[in-house]
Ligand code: URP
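Below you'll find only one chain, the form predicted on its own, shown as structure tokens.
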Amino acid sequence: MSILIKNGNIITATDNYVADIFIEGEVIVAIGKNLPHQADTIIDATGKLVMPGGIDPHVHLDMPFMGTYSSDNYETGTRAALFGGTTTVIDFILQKQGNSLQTALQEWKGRSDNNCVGDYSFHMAVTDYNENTQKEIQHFIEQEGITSFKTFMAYKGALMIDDRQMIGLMEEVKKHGGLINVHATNGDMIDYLIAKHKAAGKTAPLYHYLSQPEVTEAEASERFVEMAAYTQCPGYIVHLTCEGALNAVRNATQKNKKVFVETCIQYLILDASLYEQNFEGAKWVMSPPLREKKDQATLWAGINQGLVQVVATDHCPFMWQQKLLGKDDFSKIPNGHPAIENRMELLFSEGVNKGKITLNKFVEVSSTNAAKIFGMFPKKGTIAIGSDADIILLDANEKHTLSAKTHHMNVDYSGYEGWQVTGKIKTVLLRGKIAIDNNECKVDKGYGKFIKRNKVSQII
């Protein structure tokens, strides 16, 4: 099967030019002006932006949480991602305390195998680091192709590991060429504030936000940066939200220390005022919570300064009925919101169209940097000869409105209901096959492929 994309405006993290792309099988085999190749399918991309498929390295599909599961499974979630121009996602396996990493992998594979529409990979969240877990690290990096390990500095008794375990895990992961992701918030302080607010009868969603002030994230981020620097283990802070946390990273760079930073689309465009609408604010209960306008300005600046390398989603949707589990107690509201389908178009509309970032920066933070950091580049994350033909065609001028009535995520509300967007994903190719065209999905459940990742050797 061959495809020729003609006359598209090709955008990568570094380039901007008009050319044709010839695809044979799953990969790009030629790029040039007026290519003479014959193809089974010809796509006229005149007037369209042609970019690498998006990579969202932070999603939670079919995830157990507080007695329920996130409402998008591997089929619905990866299909919705494709509709939004994201061709590859990286999900999180959560080790149960007392169990092995391999047991956790088999549990997650039971839900993901043969169910994905788009391509996917895994991070391994280590919640019980001990001598047995230590022995599994090398196997996961070298045999399973799972090269990134998530740690939590919050959720004591369930997910959190202490600093002693963190250092031990960092040393082992560094030895074998992996990377540590971290949820960097001060769990003890947050637990204290939650208990304090509940004891005072303050149970509305607003108190979820007030239980996680900026200092809880700034302090934990600084501590993580120092530990990563000490062990020389590559570190990556997930879903960074605020000025204080980014300043911890900024200050570390002045001492020649380096960690990678991810923010999420919601932290760039939504703010904490949404928590002031009584229980309706539960739609945006996530951890860390939405922050202030000044933090949005800091994050956009951080992207342009190269301090923030990735814009992800932390997609973790729950039906409204599930959110209602916390109607009398904010601490029981399932954490997370739906965005896997909206990330690329919102980032383009709010970032590129409003002059906050360039087209090249858009590709960099939505695709290329994640591919490089997580060991998938140049197979993923760029348009180049030999790369997977994961390609999106975007109409930069088409206006549309986001709504739960039209999205493909398996959730009955939208975090962006009525949001006016300029820029529409029109066609999506995944490994040389037309996956989305004219708002129709052309690939079936099971087409999505597990992507084994390389050791962290192409750090940007």
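Given the structure is predicted, the values throughout are model-derived calculations rather than measurements. The first residue of the sequence shown is number 1, and the count goes up from there.
As for the form predicted together with N-(aminocarbonyl)-beta-alanine, it is not shown, yet the points below apply to it.
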4.5 Å heavy atom contact, Tyr69 to N-(aminocarbonyl)-beta-alanine in the predicted bound form | no
Can any non-hydrogen atom of Cys316 be found within 4.5 angstroms of N-(aminocarbonyl)-beta-alanine in the predicted bound form?
-> yes
Can Tyr155 be called a contact residue for N-(aminocarbonyl)-beta-alanine in the predicted bound form at 4.5 Å between heavy atoms?
-> yes
His60, heavy atom within 4.5 angstroms of N-(aminocarbonyl)-beta-alanine in the predicted bound form | yes
Contacting member of Asn335, Asn360, Asn73, Asn247, with respect to N-(aminocarbonyl)-beta-alanine in the predicted bound form [4.5 Å, heavy atom] = Asn335
Tell me, which of Thr231, Ser287, Asn186, Thr203 has a heavy atom within 4.5 angstroms of N-(aminocarbonyl)-beta-alanine in the predicted bound form?
-> Ser287
For the chain shown here without its partner, which stretch in 370-378, 100-108, 279-287, 130-138 has non-hydrogen atoms within 4.5 angstroms of N-(aminocarbonyl)-beta-alanine in the predicted bound form?
-> 279-287
Check, residue by residue, if Tyr120, Arg343 and His408 all come within 4.5 Å of N-(aminocarbonyl)-beta-alanine in the predicted bound form, counting heavy atoms only.
-> no
